[in-house]
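Single chain ahead, written as structure tokens, the form predicted on its own.
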Amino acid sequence: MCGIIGGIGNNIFDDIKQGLYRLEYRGYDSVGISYIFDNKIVVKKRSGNVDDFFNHYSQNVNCNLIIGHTRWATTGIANDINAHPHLSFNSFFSIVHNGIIENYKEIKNELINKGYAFKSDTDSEVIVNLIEKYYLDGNKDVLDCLKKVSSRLIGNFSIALIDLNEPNRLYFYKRKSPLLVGVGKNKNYLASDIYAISTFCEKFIDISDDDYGFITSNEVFIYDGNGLKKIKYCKQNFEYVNNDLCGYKHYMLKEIEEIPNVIQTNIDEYTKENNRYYPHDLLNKINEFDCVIFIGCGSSYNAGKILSRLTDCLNKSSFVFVASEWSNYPKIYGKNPVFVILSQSGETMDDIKCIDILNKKRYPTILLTNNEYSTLAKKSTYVLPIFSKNEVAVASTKTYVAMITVYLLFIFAITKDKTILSNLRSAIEAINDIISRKNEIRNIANKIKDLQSVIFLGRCYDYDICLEASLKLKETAYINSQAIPSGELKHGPIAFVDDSVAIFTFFSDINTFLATLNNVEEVKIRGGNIYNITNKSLKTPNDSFACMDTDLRVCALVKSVFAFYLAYYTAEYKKLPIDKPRNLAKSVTVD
């Protein structure tokens, strides 16, 4: 959560402004900037999103050094005072911070006893005041102050720091929260996401944990525990970056309708000759692994449920865990397991905690991510990029589908089962059919928009689809929804079924069709509003939407698109902020 950006060089303001818009997906509770003007540090900040901020502060700033921030509130409520940047007590320093300081209250009390006063409730203001205290105590070397402060802080933090007395330097420190340096033409940048500065920079520098230093307009200095480091630059391909709505009203709608192309792109990338994405040692070792354990959060966890079922064809046991649960209660199955980590951003803190545990125990890991240059990518044994291009809407759609697609292609690389490719192509055809009939789904959304409760029912793969359908409706339409294995309905949940509840039932498997149909009848006679989502070959007269027939292994790719449209149109009818749902952010970089 939260987005950091900073820059130094002539007329840097416009670049930082554009970067703040690109970082908004990381947090939109509040926005702010600080810079040096007339020998003072100026701080401008306010609650709300980036548009709100620049509509209020409409005048461009002529400055050569600036830091900016988009916030997702963690410590301290979302208001103007708690917005970043924060100014130190004596106004010598200004800071933007991403992460959480676990022992900030202890340090804050120490500083209050030393005469410091605080304006905000944030842990971030503690950092900048502690830096200033060490500085004023006699250590006028800011780098030494950063080292000393970092030894006191418990938690994760990336910071960008302005020093009033050093207007030609922009300082930084990184621990666990993402931060990188971008190198431009007589301008240098800091950012928590490469996407924020990709159009300004020719090359980039990954900052490792507990690295610190400063940038000038044409130089970069990075230090670690051993002193000044040798800079290692990397170039990266940004052809995939496209932040244009292309005529769509919302990014979520645009991204839903990009799904067929995402599936095809992954087929093309992973089946071309000599592709680099399947390291030979991984394919050679796969038979040695006796268990596959999937770890993810949110939609990535839901995708993991599908991937676990797909693993059955490899004759290996598999398990799925929520990352935040596994990191606290690690479970290892099998004598020689491999762990598959799922993260669209590659920066998910819960996943990072898991992979750190796994790396200490030296277990092999495979990462499925949309960011092959991320923190998780650097920590993983193998990386399988999911080629979704940039996903802006907070609610994941095409990245969920891409994870399933890439894992199916991974199975194809192992088994050489060509039916997988034909099944994926048939899924593309079926999804295009749904896209052409999206107004039918919009009509269904209109019927449920005012309901307080929705139930999604299904068995096996269909239950896994229900998990994602329920999550999407919660995220975008703020409707209390549940995913229930249809056979479990009679074991409790049926108690609250009446005519105020909508029940969506997914049918994909002929083997469970009749049993699930019986569950629907149980709901129907109790007054529930029934919506059956089926395959055409399983269609009954009372069905609400029938998808083209596809293999069971790709049913989640197809029917998830129905679920995405349902959530989107329900939220649209309710006039909700679809791309930026309340209380959520795209990249979750805190515990």
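Quick note: we count residues from 1 along the sequence shown, nothing fancier. The structure presented is a predicted model; accordingly, all values stated were derived computationally and were not measured.
One more form of this protein exists, namely the form predicted in complex with a small molecule; it is left out here, but the text below deals with it.
Colleague: Check for me: heavy atom within 4.5 Å of the small molecule in the predicted bound form, for each of T75, D123 and V149, yes or no.
Modeller: Checking in the predicted bound form: none of T75, D123 and V149 is within 4.5 Å of the small molecule.
Colleague: Counting only non-hydrogen atoms, choose the one of 387 to 395, 209 to 217, 132 to 140, 313 to 321 that falls within 4.5 Å of the small molecule in the predicted bound form.
Modeller: The contacting stretch is 387 to 395.
Colleague: Answer with one of T516, S300, S94, S158: the residue that has a non-hydrogen atom within 4.5 Å of the small molecule in the predicted bound form.
Modeller: For this set of options, the contacting one is S300.
Colleague: Which one of I197, I465, L342, A402 is close to the small molecule in the predicted bound form, taking close to mean a heavy atom within 4.5 Å?
Modeller: None of the others qualify; the residue that does is L342.
Colleague: Report whether the minimum heavy atom distance between T348 and the small molecule in the predicted bound form is within 4.5 Å.
Modeller: Output for T348 is yes: heavy atoms within 4.5 Å of the small molecule.
Colleague: Even though the partner isn't displayed, in the predicted bound form is L457 close enough to the small molecule, meaning a heavy atom within 4.5 Å?
Modeller: Flag for L457 set to no.
Colleague: Is there a non-hydrogen atom of L87 within 4.5 angstroms of a non-hydrogen atom of the small molecule in the predicted bound form?
Modeller: Close contact is absent here: in the predicted bound form, L87 is far from the small molecule, nothing within 4.5 Å, heavy atoms only.
Colleague: Can you tell me whether L471 touches the small molecule? I mean in the predicted bound form, with a 4.5 angstroms heavy atom cut-off.
Modeller: Yes, contact at 4.5 Å.
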